[in-house]
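Next up: a single chain in C-alpha cells, the form predicted on its own.
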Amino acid sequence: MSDTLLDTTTTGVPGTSRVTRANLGARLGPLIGMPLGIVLLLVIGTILSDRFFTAGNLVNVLINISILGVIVVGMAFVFITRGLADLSVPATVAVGAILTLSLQPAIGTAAAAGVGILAATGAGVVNGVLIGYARINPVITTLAVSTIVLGVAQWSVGGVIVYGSDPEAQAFLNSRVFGVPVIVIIFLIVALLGHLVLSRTSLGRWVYAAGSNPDATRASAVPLARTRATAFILTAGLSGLAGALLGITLQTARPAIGIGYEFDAITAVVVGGISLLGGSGSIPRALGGLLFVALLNNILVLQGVPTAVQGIAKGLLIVLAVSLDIYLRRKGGRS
C-alpha cells in the first residue's frame, strides 16, 4: 500500500496530497501523547503507592498547581508568539505578594491585591515595550527587568519578611465550594478565560500569526509589536495575581518568594507541547503539561526521592520535550 494518503482537499488532485502517514502521525502525536502520558502516570503512581490515587492526594495536587497554573496561562501566550520565555516571573510574583501583604492593613486585602497586580503589570509593560517595539531579546530584557524589580521589592521592605494581617482572606482562599477549593476555582476561571481569548478572539489569532511567521505577519495588517507586548503584559499581570494569591494563602512574603516559578512554568509549557519556535499550542495542552509534571513530582515525593533528583528529572523532561518537538516538526514538515 502506498505511504501516501489520498487527500484531495489540499490540491484537488488524487495522489498529490502532501499529507503522508508520517506527518499525520506527527500531527496526532502531540494530541494523544499527553493524555496517554497522564494516564500512564496515574497507573504507575497507583501501583507504587496506595496513597497516590486517593481523593485527598489528587485534590492536594490540584491545589499545589493552581497558583503555578495561573502563571502557565500567561507563559503559553509568550511561547506561542515566539517570545521565548518571561524570566521576570519571580520578580512580578514577589511584587504581587509583597504589596498585597504590606498594603493590607491600610487599604484592605482586595484593594492591596489590585495594587500588587497593577504594579506587576507595570513591569510587564516595560517588558512589552522593550521586546515588542524595541525588538530587544526577550531573555535579556526580562532578566534585566526581573533584577531591577526584585531590587526595588527588596529595597521597599528592607529585605525582611512581610506578614499578612487578614486571616479571613486566607480562610476564604482555603475554603471550598461544593468540595472544590476556592483557589482551584480561581485557577480554572483564569485558564478558561485564557483559552477563550486564545481560541475565539482577534488577539488569539494575532498571537498564532506572530509566532508562525513573524516576517509575513509584520507585512500584513496584524499588529505584531502590540501582540508580542500584550503577551508579556498578560504574563506579568497573571504573575502578579499569582503572587497576591500566594501571599494571602501563606500570610507571609519575602522578595525571593517567586524564585523557581519561572522554571516550573516553562517546564509545564514545554512538556505540554508548546514549541519555543512559536505558532502552535493551546492552553489545554499547557495545562496538560502542568498536570503531567505535578503528578510526576507527586509520585517522586511519595517515593521519598530527594529534591535534587526531582530537579534532575524536570531538567531531563525539558530536554526530552524539546527534542521531541524538534523531531515532530521535522516529520511534520515545519522547520
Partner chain sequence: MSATALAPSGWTIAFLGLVRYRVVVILIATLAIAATFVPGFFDARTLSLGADRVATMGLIAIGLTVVLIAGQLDLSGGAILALSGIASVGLQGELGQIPAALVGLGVGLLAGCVNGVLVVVLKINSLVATLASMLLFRAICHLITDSRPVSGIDPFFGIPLTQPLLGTLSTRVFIFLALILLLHVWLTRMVSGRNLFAVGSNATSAAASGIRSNWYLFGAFMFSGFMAGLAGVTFGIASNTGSPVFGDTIVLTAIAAVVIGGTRLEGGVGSALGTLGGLLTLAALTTAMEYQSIPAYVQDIVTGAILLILILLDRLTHARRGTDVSLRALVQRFSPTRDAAQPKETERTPA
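Nothing here was measured: the structure is a model prediction, and the numbers come from that model. Numbering follows the first chain given and starts at 1.
The form predicted in complex with its partner chain is left out here; the points below concern that form.
Just one of Ser212, Thr252, Gln154, Gln170 comes within 4.5 Å of its partner chain in the predicted bound form, counting any heavy atom, and that one is Gln154. A heavy atom within 4.5 Å of its partner chain in the predicted bound form is found for one listed residue only; from Val162, Ala85, Leu245, Ala123, this is Ala85. Shown here without its partner, the chain carries Ala144, Phe263 and Ala308, all of which come within 4.5 Å of its partner chain in the predicted bound form through at least one heavy atom. Its partner chain in the predicted bound form comes within 4.5 Å of a heavy atom belonging to Gly158.
Within this chain, Val182 is remote from the site of its partner chain in the predicted bound form, having no heavy atom within 4.5 Å. In the predicted bound form, no heavy atom of Leu41 sits within 4.5 Å of its partner chain. Interface residue remark: Ile117 is not counted as part of the site for its partner chain in the predicted bound form, having no heavy atom within 4.5 Å. Across the options 266-274, 290-298, 32-40, 55-63, residues that bring heavy atoms within 4.5 Å of its partner chain in the predicted bound form belong to 266-274. Annotation for 191-218: no interface residues with its partner chain in the predicted bound form [heavy atom within 4.5 Å].
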